[in-house]
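In structure tokens, the next block holds one chain alone, the form predicted on its own.
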């Protein structure tokens, strides 16, 4: 059984049974998301999994059909403006309603809505990300818009960041610069961040919690250290006709190897898994920890995700 609860908190964000439908299709299906205070929580999943709908619901920009959410101690349905004032948000798309504005004018416009806007910090972010005030917003490339959105999200030093595909459109150098600035921001503020992505390897270095969303369902969430401890690939050999233990729980994937070798991807305590394989007549040849991205892919393939 994959973990879907992080315990008692305290949480910067928590949802209970959050459900959202568009026509007859569920975009969110009973999501219980938990983002601990001070955590970098990576929400991974394929395009169309419901990640953007979830973030918009947390901001009060989409109204769920059932369930509830608490964001920084507030209900976004009734306190949406206050939630958004305390949150830095990078939306999924690169479009916007201010294409006619110059970048510098948009920064001034945005600053007027935030009492905590730090002009010097905004300038430093703009220089680091090559966000040029004289450019017209509507003429920016996708990557240039993304860098501008990051400045807008960070410059008022929010205690919570909700970042929807924040590296989308960035070249490798710009991505590394942006992630470095994000890391510095979190070190300075002690804030919490939700990073939604379908490319988890790009934010591997920041993640300390993982949630996996598929088809509107949160199929797993866990601290990174538990993920690394519990999710393993086991390679074992047995006699001719050996099929492995019948009572091995937590199996995410099972494959035939070379010759009499079998391989399992299993969520479970290593000692217990090895003992069950041995009891069934097999000899474990290797136990390997999965890289972060491969862990995400494994959890997306798990039976609980189907």
Partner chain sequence: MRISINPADARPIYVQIMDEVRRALVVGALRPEDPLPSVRQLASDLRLNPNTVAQAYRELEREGVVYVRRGQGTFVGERGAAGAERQRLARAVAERALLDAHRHGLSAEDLVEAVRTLAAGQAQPSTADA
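Numbering follows the first chain given and starts at 1. The shown structure was predicted, so the numbers you read here are calculated from the model rather than taken from an experiment.
Below, we refer to the form predicted in complex with the partner chain, which is not included among the displayed structures.
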Candidate from 183, 108, 159, 116 lying within 4.5 Å of the partner chain in the predicted bound form - any heavy atom = 183
Exactly one of 82, 92, 204, 75 comes within 4.5 Å of the partner chain in the predicted bound form through a heavy atom, and that residue is 204
Answer yes if any heavy atom of residue 235 is within 4.5 Å of a heavy atom of the partner chain in the predicted bound form; otherwise answer no.
-> yes
Looking in the predicted bound form, any heavy atom of residue 297 within 4.5 Å of the partner chain?
-> no
Answer yes if any heavy atom of residue 130 is within 4.5 Å of a heavy atom of the partner chain in the predicted bound form; otherwise answer no.
-> no
Might residue 25 be said to contact the partner chain in the predicted bound form, defining contact as any heavy atom within 4.5 Å?
-> no
Of these, 147 to 155, 84 to 92, 173 to 181, 210 to 218, which stretch puts a heavy atom within 4.5 angstroms of the partner chain in the predicted bound form?
-> 173 to 181
Within 4.5 Å of the partner chain in the predicted bound form, which residues of 277 to 294 have a heavy atom? Give them in sequence order, or say none.
-> 284, 285, 286, 289
